[in-house]
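The chain that follows stands alone, in the form predicted alone, written as structure tokens.
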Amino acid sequence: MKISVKVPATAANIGPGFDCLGMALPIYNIITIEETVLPGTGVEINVIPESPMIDEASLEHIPLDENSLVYKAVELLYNSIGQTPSELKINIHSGIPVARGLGSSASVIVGALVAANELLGRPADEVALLSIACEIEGHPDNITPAIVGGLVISSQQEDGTVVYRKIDWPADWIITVCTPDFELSTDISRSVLPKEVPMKDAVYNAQRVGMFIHAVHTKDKELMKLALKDRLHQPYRMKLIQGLDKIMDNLRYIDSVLGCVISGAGSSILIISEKNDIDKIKNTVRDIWADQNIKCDIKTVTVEQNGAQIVNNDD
């Protein structure tokens, strides 16, 4: 039996919502799990790049054995029902750039869990899948929209369960995803963050998250321009993304732009805007990075409302 699952990319934080806000984006990985019949073959994991932003060098550090996040996800699910994984062949058709802040690891974790759950006859419900996925990933901001789609605010409780709510994203606001040709690992991006923050910065972000939720509900673009500000992570990570300060400065002069934020841990950035001036926005980013010899991939998208879905695949 063979199961394929299509999982969207995700962007976490979205400015002030550190480790709690996330949205699904229409960029995808497809994870296929097949139970093989040859005893003793163990696990076989293959990664098939399907994006120009993914090359062999970016895949070199990804384990392709029992240490893989994919296998760990499957193993946890099997163990939760008192079983161990049989011989498995796992193919990852990778369309989500690795180490670019677009939830590539969350995508493969979720895809593997959903596929394995289907193979086992769906013993785990959504609550269990979210809990297992977060146990591996460590936080719910990418995992949750990867499973349920849309724009999501989420929190992991002390017992491991995830509480979330989906928020309707305004149809008139679009997202321009700008992905440079350099990686930024989550470990490095986390390492520059302070262990403690001033109370005034925590209050500032709490205010902005409240503004963000209200701005989205009411489609208040002026409030959204204030809401996308952040003091908990972006000021520390800016220096890791070459040219970002100049990009943000230049975007301030484009009226349709509501804000520019780092996607997850970076290196991708998201520009939230109204539907006009898209070419101007893209050219601004492309020209600034080109001046610094940085190539990039730029896509203008809307929020993906669907999370992980089982699909047919002719692997």
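All residue numbers are counted from 1 along the displayed sequence. From a predicted model like this one, the values you see are computed outputs, not experimental measurements.
There is another form of the same protein, the form predicted together with a small molecule; it is not shown, and what comes next is about it.
- The partner is absent here; in the model of the complex, the one residue of 139, 89, 72, 225 having a heavy atom within 4.5 Å of the small molecule is 139.
- Using a 4.5 Å cut-off to the small molecule in the model of the complex, each of 12, 19 and 264 places a heavy atom inside that distance.
- Within 4.5 Å of some heavy atom of the small molecule in the model of the complex lies at least one heavy atom of residue 190.
- By the criterion of a heavy atom within 4.5 Å, residue 208 is excluded from the residues contacting the small molecule in the model of the complex.
- Using a 4.5 angstroms threshold between heavy atoms, residue 155 stays clear of the small molecule in the model of the complex.
- Shown alone here, residue 186 lies within 4.5 Å of the small molecule in the model of the complex, counting heavy atoms only.
- In short, of 170 to 178, 109 to 117, 140 to 148, 238 to 246 it is 140 to 148 that has heavy atoms within 4.5 Å of the small molecule in the model of the complex.
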